[in-house]
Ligand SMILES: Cc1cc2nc3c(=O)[nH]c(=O)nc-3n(C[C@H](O)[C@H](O)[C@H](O)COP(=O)(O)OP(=O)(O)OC[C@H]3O[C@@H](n4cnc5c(N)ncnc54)[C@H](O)[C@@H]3O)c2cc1C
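Quick setup: one chain, the form predicted alone, written in structure tokens, and binding and motion questions come after.
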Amino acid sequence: MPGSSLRILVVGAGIAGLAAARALRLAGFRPEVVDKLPASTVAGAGIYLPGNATRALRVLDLDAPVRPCGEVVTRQRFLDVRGRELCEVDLVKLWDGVGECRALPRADLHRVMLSGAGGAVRHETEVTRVEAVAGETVKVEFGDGSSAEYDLVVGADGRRSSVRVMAALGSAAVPVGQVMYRSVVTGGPKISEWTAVLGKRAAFVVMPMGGGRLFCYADEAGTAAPSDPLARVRELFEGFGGPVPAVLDAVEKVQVAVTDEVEIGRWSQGPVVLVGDAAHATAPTLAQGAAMALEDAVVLADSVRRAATVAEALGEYERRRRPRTRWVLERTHDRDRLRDVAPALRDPLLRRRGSTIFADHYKELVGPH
């Protein structure tokens, strides 16, 4: 399709939306980007990017500006609740020829993505209505009372997507019975590898992300966020071994959220399409949220560039992406079920086969998106 004449709106200026804008610009289009949040909103905590995320950044020509951020992670270690070795995964071998794994502040990644998207994001601009016009274009109404018509609307507004609801593509995300905690720690112990300590229906993960900082992710089975997440984390993981005690001593602030997932029957309705968590959110167990969003952006832009019509492009995009995101959802469920197995049964299994089990969760993702 001719890039200069296609009117495209991207709703959401998180990783998914900015990646979509970047990919579409590289394909010759000039999308608009809006976000309901203020420009001053700062992305919190850290993020871990597996090798396939790095590959997608390379396609978007953003791997170079990301490279100085954070720290490369070359190995994953899994420990039992007392801190004894269960197994490890060689990330260099796993992602050989694909890309390096990296932990970095989420704000740094967002800054790179914002610069790469090109053009100004219209912040504090909420989409209040999305209405198909004769099935070929979309009329979009904004919170300030203005409206505009587009040939394509990309809903990249996260797992609680309003575009998903307005386009009748699905409703609320579904809780998965998991509460997650995130924190960035300075002054903690020296840790050089991605390290997970597995307890009974709870896990504590810590990794280096440069500058003496550690990114910590922890979760437990549950359905409600505690009122004092810092106190809960200290209580929950008090008896854990390995690096956990020293990390807990250094933790000052904790973000908490109840984990949910999005699985819907279709990703597009007329000229409206969903990308990233708006289309297929999962629990963060495999750290594939950003990677899937980046890959979505690459494939969507390629499909729009190649197709004769928007409808053809959106059909091709979903055909190419759905099997891969389904794989991530199923492997996420597999790993979460394994974590819920009693340690007396799980830990001997992981000592025998853990390296293979955990590496296999990514084997389909080593291939092209």
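Because the structure is predicted, anything quoted here is derived from the model rather than measured. Residue indices: 1-based, along the sequence shown.
Separately, the form predicted together with the named molecule exists; it is not shown, and the next lines address it.
**Q** Between the options Q76, S268, T137, T125, which residue brings a heavy atom to within 4.5 Å of the named molecule in the predicted bound form?
**A** Contact residue from the list: T125.
**Q** Would F215 show up as a contact with the named molecule in the predicted bound form if we use heavy atoms at 4.5 Å?
**A** Yes, contact at 4.5 Å.
**Q** Looking at the partner-bound form in the predicted bound form, is V244 within 4.5 Å of the named molecule by any heavy atom?
**A** Because no heavy atom of V244 falls inside 4.5 Å of the named molecule in the predicted bound form, the answer is no.
**Q** With a cut-off of 4.5 Å between heavy atoms, is A287 one of the residues that contacts the named molecule in the predicted bound form?
**A** Judged by the heavy-atom cut-off of 4.5 Å, A287 is in contact with the named molecule in the predicted bound form.
**Q** Within 4.5 Å, heavy atoms only: does L37 come near the named molecule in the predicted bound form?
**A** L37: yes, in contact with the named molecule in the predicted bound form.
**Q** Every residue in G70, E100 and Y362 with a non-hydrogen atom within 4.5 Å of the named molecule in the predicted bound form?
**A** Spot residues vs the named molecule: no contact at all.
**Q** Sort through 40 to 48, 56 to 64, 302 to 310, 335 to 343 and report the only stretch with a non-hydrogen atom within 4.5 Å of the named molecule in the predicted bound form.
**A** Of the options, only 40 to 48 has residues within 4.5 Å of the partner.
**Q** With the partner left out here, which residues of 9 to 30 have a non-hydrogen atom within 4.5 Å of the named molecule in the predicted bound form?
**A** The stretch touches the partner through V11, G12, A13, G14, I15, A16, G17.
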